[in-house]
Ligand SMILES: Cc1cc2nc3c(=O)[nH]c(=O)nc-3n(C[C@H](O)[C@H](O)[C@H](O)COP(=O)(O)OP(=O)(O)OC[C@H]3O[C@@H](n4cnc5c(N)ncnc54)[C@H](O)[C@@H]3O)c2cc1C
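Quick heads-up: it's one chain on its own, the form predicted alone, in structure tokens.
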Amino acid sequence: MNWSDTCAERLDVDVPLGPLTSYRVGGPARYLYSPQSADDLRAIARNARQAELPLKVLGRGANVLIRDDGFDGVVVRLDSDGFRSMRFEGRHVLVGAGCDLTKLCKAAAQRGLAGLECLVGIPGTVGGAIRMNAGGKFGCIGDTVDRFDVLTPDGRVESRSREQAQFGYRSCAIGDSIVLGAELVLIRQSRAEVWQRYREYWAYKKRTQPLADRSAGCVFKNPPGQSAGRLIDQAGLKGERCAGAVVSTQHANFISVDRDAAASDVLRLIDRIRARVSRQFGQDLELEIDVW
């Protein structure tokens, strides 16, 4: 593959991806690249397209499972300073796609800006959160998005509105475009009020979810009007194990892994959960995590 000199400077080959994800399992990427700007990202995406190599963006790897044989393509990490920016302007906050979601939520709450405290406890980056409209019972990031910029598959930078995003349950109409950054609009409230909610939501997450485990958050989407975790629990699957992977006894929609686990252990357990829930309740569970 012919890389430009600019790309080659920050291009790594055959890089283990497991350590870059919350599961910490999985094989290597053929190429790993950290662009410094949108133009830099455009160049690497163009080169990958010309070489007919698939390209994926990896944030903090909090919602990703890498297969044991890895990813035969280009993995991009938006972890340079330009993509991790966070700037508050009154009720508005301008953030790069690589901005840490946890730090953003805390910074907003400390300023008495409401709207993001519902995302406390969700690890990841702003770009990944927008792509899947991350959230939970207290709200979603799409509720705060005014606009966001993307790099389209044909190399154009476009600005999209909230209406164009068509945010839904764990979904956003973004297709194969890459989120570059966003402008969020928050609500001014007393710092004490917002901070209190932040602390309450955080305490709730720690009580109900295995946040200290090696996991990728909720594995399955909730079927309409139902709870995936409740279905898995009612199927008697809490504590179910496949080698190094186990259904959490704290929250049945989480699969935790041991230090010696493999991605194949998680995938086999996913198949077992799906089969049992389908057999007992006639419900087909859809994955929320992204399997590469």
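The first residue of the sequence shown is number 1, and the count goes up from there. Quick caveat: nothing in here was measured; it's all calculated off a predicted structure.
Quick note: we don't show the form predicted in complex with the named molecule, though the next part is all about it.
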Interface stretch in the model of the complex with the named molecule - options 103 to 111, 153 to 161, 170 to 178, 189 to 197, non-hydrogen atom within 4.5 Å: 170 to 178
Whether Pro35, Ala48 and Ser80 all lie within 4.5 angstroms of the named molecule in the model of the complex by heavy atom: no
Heavy atom within 4.5 Å of the named molecule in the model of the complex - residue from Ala62, Leu267, Ala43, Ala235: Ala62
Met86, heavy atom within 4.5 angstroms of the named molecule in the model of the complex: no
Any non-hydrogen atom of Glu286 within 4.5 angstroms of the named molecule in the model of the complex: no
Heavy atom of Gly121 within 4.5 Å of the named molecule in the model of the complex: yes
The named molecule contact in the model of the complex: Leu211, any heavy atom under 4.5 Å: yes
Within 4.5 Å of the named molecule in the model of the complex: residues from 201 to 230 (heavy atom criterion): Lys205, Gln209, Leu211, Ser215, Ala216, Gly217
